[in-house]
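Only one chain is given next, in structure tokens, and it is the form predicted alone.
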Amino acid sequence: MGARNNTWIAYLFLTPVIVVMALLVFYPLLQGIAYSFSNMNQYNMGSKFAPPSWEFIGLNNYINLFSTITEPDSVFRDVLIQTLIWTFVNVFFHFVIGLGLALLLNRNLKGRGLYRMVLMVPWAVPSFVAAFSWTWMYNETYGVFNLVLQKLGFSPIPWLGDSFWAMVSVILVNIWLGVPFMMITLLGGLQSIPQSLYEAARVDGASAWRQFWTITLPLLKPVASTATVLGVIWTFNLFNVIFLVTRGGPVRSTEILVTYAYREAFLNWNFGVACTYGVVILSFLLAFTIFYQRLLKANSNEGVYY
């Protein structure tokens, strides 16, 4: 009874957090959703010299956006496909490389602490510093990558001047930046697995590969699924790497939904359209998260593991 009477203390401590979240997250979110149903732009948003003249136009922004998806020169379709490629490739290599490094660091290696510290450097470096450094290394004439290729007898690669190589370039930067998070997260999951299970498996004659598939992956599943969801959300919304390395170019070949929303808002000044892109991004991520969690739950119920 006394515990129930003291629940107000918990709500008292939660109140500042709720207020801050409401002001910094929920209010801007609801406002952005509302603006996505408007034709707001730089000419009708209003100023101290003229009152606002923008209007609510219902679902017109969404209809205009999705109605162009079948057109040959649809910008929305191209940006959406590039976003899906960007997200899948990055998260795939984050997980595979991160898991491989985590398995190595989980062994009794000499200097394991030093290796772990060195591998964490990309995560500790500010992303804008990394982006500028990689941009310099991608320089077609003086960049270290092309200088090495020329020394080996190969032709220089137009890293940032070709559509294909520009996407490869920003993906490489983001893989370098994102692997340490996945590695340290999966390493924590590996260290929580009881060693007695591996000892029992070795006594039964299970090979290392068999132990990996029947012990490591199933018990790592909760950590891996959470890290994967976070990786997809962060990568899908990642703005700074693409903006700082390629600016979305050349010719929108590295543009993703979040960078294109920025372009519509702050370069084209179409705030209503930019908010529509923001709602589309939120909708995709919510749908993915719900689908992924249900898929994991269904697989768990059937006893199916990665």
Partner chain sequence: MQQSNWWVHLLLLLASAIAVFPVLWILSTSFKPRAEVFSTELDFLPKTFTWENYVHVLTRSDGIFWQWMGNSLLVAVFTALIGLALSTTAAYALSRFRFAGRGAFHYGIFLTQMFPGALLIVPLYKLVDSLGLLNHYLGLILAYCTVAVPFSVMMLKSFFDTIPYELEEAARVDGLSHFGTFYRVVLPLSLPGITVTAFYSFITAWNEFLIALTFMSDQNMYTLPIGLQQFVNQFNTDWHYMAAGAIIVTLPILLVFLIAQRYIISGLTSGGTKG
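Residue numbers count along the first chain shown, from 1. If you're wondering where the values come from, they're calculated on a predicted model, not measured in any experiment.
Heads up, the form predicted together with the partner chain isn't pictured, but that's what we're talking about next.
S.K.: Every residue in Leu99, Trp159 and Gly161 with a non-hydrogen atom within 4.5 Å of the partner chain in the model of the complex?
M.R.: Not one of the three qualifies.
S.K.: Just one of 161 to 169, 147 to 155, 212 to 220, 85 to 93 has residues with a heavy atom within 4.5 Å of the partner chain in the model of the complex, so point it out.
M.R.: That would be 147 to 155.
S.K.: Please tell me whether any heavy atom belonging to Val203 falls inside 4.5 Å of a heavy atom of the partner chain, as the geometry stands in the model of the complex.
M.R.: Answer no; every heavy atom of Val203 is more than 4.5 Å from the partner chain in the model of the complex.
S.K.: Is there a heavy atom of Met40 lying 4.5 Å or less from a heavy atom of the partner chain in the model of the complex?
M.R.: Met40: yes, in contact with the partner chain in the model of the complex.
S.K.: Quick check on Asn237: any heavy atom within 4.5 Å of the partner chain in the model of the complex?
M.R.: It does: once the partner chain is placed as it appears in the model of the complex, Asn237 has a heavy atom within 4.5 Å of it.
S.K.: With the partner left out here, check for me: in the model of the complex, does some heavy atom of Ala10 sit within 4.5 Å of the partner chain?
M.R.: Contact with the partner chain, yes.
S.K.: Residue by residue through 95 to 111, tell me which have a non-hydrogen atom within 4.5 angstroms of the partner chain in the model of the complex.
M.R.: Residues within 4.5 Å: Leu101, Leu104, Leu105, Asn106, Arg107, Asn108, Leu109, Lys110.
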